[in-house]
Structures are given as structure tokens and as C-alpha cells.
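One chain comes next, on its own, written as C-alpha cells: the form predicted on its own.
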Amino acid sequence: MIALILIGGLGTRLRPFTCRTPKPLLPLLNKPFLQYQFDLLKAHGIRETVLCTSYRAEDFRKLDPKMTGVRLRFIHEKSPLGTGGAVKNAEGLLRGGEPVLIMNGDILHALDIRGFLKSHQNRRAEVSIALTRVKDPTLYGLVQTDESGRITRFLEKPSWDEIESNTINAGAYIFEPQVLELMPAGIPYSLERALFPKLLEDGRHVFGFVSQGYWMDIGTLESYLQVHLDILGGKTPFAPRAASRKTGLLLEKGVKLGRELTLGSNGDRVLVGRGTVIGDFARFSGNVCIGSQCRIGKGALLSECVVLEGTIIGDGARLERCLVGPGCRIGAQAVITQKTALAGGSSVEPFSHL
């Protein structure tokens, strides 16, 4: 089975970080987010992937096949075609007669792909949609199924009195080849709002597969931060890479540590990127991710935050549950508070309070 990943979106909810980097290439624990999807595909025996590009398409061609571990092919949209239009645009690169796995490029999902395919085949489905359970389905599009797993209804952002289940679209699908013939070519078209409702209306075989694994849409600043904290906190099956480990510290190559560092409680972890230097008496609270080639000043305090590569943090600065883009300069004694997102290259003067 071949995989097709939809990565053409502008990532507007993740600005300012997506102004220079497409969302699927943003670092997650110091490696491109898309690599987690490649690793998942490889673990289930899928080695061939088509990337459906639009925004900053040239950035994806810089991916090193030796690092990704999968064979990459690319199809470009000159103008955005939507999820369905992107799939249709890639039809010529898919193998005839075989089902195709389609994945959204902004979701971290511990999907059991083999189980998903087996369910699809056993039910003789034309389309299978991976589902996940959420605590508050009013924030999403609800997908209702009958006892056999056949999808009976799509309900966009329902009110609580409309809710009969808590399963939502998890952003992964298996299509049989004939389904591609039902979609128009060369125009914007939506899987979620056009194709799927039409398939139900026509009585086609559309089934849901409830995934039990971790699921997170990284498309907002809050969720992008949270997914870092979840992985470091051991709440996912994904693990950060590190060349060496000390109590509470995961260190990539070339890290230099100052004296008498203070770490959080047992179980908290700090990932420190390649070549980063941490000054004496620096303090860490909760789970923290620091990118490569950063400089953390003497006595600085970092609490549940993400700092991207090349950033310099001054002596005594304090960062609390925030996101700091690449190449920032944060002055001594500056305070960066919760829900702040600093664009790459930002400069914060000493003693500032954001």
C-alpha cells in the first residue's frame, strides 16, 4: 500500500512559526514533525510516500531520503485545491488496483495502520475513516457509526444536545481506487464537506475505525506546545532522541552544561539540542525542549516551554509555558509569560515583560 500525505495548507493558526516554515516541517523535539509520520509508516511496512505540496513546496524537496527512510515522490498544486482536490491531483502517482492510505500532514497519530487496513478489507469498505475519541466533541466534526462500524452521519461542531458519541475524524483514510473516479479534477474540492457526505447519500460502503492510540492536531500554538510536553512527559508512544541521558536531562551531541543546574520534580525532562550551552545555576521546571545551538544564560528559568534553534536567553531571564522561535534574542532578566509566541528572529530587551 502506498501512502499519500496532505501537506499543502498555509498553517495560518500556527503563525508566526509557519511564515517561514511549512507546518509539517516545524521541529517537534528537534526533528521535523513529518518525520514522525514517516517513522509510523515504516513501522507498518510502508516505504513509498507521495507528498501533496502547495505552500512553500520547495522546502519539502530538501528532505533527505536517507533520513526519512521512505521513498518520496512529490505532486504540486499551483493553487490550493483542498483535501479532495489534492488527492485527485495525485491520482496519476498511485498504483492502480491498490488501496491508498491518505493522511493529514499536521496530526501526530499513533495509528495502527495494519489494523486499519485489515478492518477496511474485512468490511469490504470503499472508504475507511480513522476515528478518535475526544472529551469535547463540540470542538470538532462528529462522526457517528452504527453497531457494525458503518458511518451513518457527519455532524460539524455539534451542540451537546446533538451528541450521541464522541468519535471524530482523526485525519487518516483508506480509499479504494474507484473512489478517486468520483472526484472532480483541477478544482478545489473537500473530502470532509463534499465527498464523504455524498458517499453516505449514495449508500456507498463507508466505515469507521476507532483508533485507540495517541492523537493530537498540532495546528494551533497551544497544541504545538502541548505535544512537546506530552512526549517528554511519557504520555505518547513516541520518544525523544538523545545522545546521552542524565537524571531529567536528555542531551544531544555537543551540549555543554553549567554548574549546579536545578531540575523539576521526578519525571520532568529537559531535551537539550545539539551544541547548546547552558549557563551556571540555570533552572528548569516541568518538561522543556531546547533546540540546537542555543545559549541559556546564568540563572535563567525555563518552565514548560519550547525554545527553537539558535536562540540566546540572557542571564536571569524567565520563560513560562511559551513558544520561542528560532534565532531569538531575549535580554537579561526579561520575562516571557504564558501563551506568548515569539516569531523567529525576535529581540526582547533586558527587563522586558511580555
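Please read these numbers as outputs of a predicted model, since none were measured by experiment. The numbering used is simple: start at 1 and walk along the sequence shown.
Heads up, the form predicted together with a small molecule isn't pictured, but that's what we're talking about next.
**Q.** Output flag, Gly248, Cys294 and Gly297 jointly within 4.5 Å of the small molecule in the predicted complex, heavy atom basis
**A.** No, because Gly248, Cys294 and Gly297 lack any heavy atom that approaches the small molecule to within 4.5 Å in the predicted complex.
Q: Using a 4.5 Å heavy atom cut-off, indicate which stretch of 212 to 220, 114 to 122, 237 to 245, 93 to 101 touches the small molecule in the predicted complex.
A: It is the stretch 212 to 220.
Q. Heavy atom to heavy atom, is Glu156 within 4.5 Å of the small molecule in the predicted complex?
A. So Glu156 counts as contacting the small molecule.
Q) Any chance Glu126 has a heavy atom within 4.5 Å of the small molecule in the predicted complex? A) Glu126: no contact with the small molecule in the predicted complex.
Q: Indicate whether Thr53 is a 4.5 Å heavy atom neighbour of the small molecule in the predicted complex.
A: Within the cut-off, so yes.
**Q.** Glu77 within 4.5 Å of the small molecule in the predicted complex, heavy atoms
**A.** Yes, Glu77 is a contact residue.
Q: Go through Leu195, Ile168, Ile174, Ile151 and name the one with a heavy atom inside 4.5 Å of the small molecule in the predicted complex.
A: Comparing distances to the small molecule in the predicted complex, the residue within 4.5 Å is Ile168.
Q: Tell me, out of Gly82, Gly258, Gly275, Gly264, which residue has a non-hydrogen atom within 4.5 angstroms of the small molecule in the predicted complex.
A: So the residue touching the small molecule in the predicted complex, by this definition, is Gly82.
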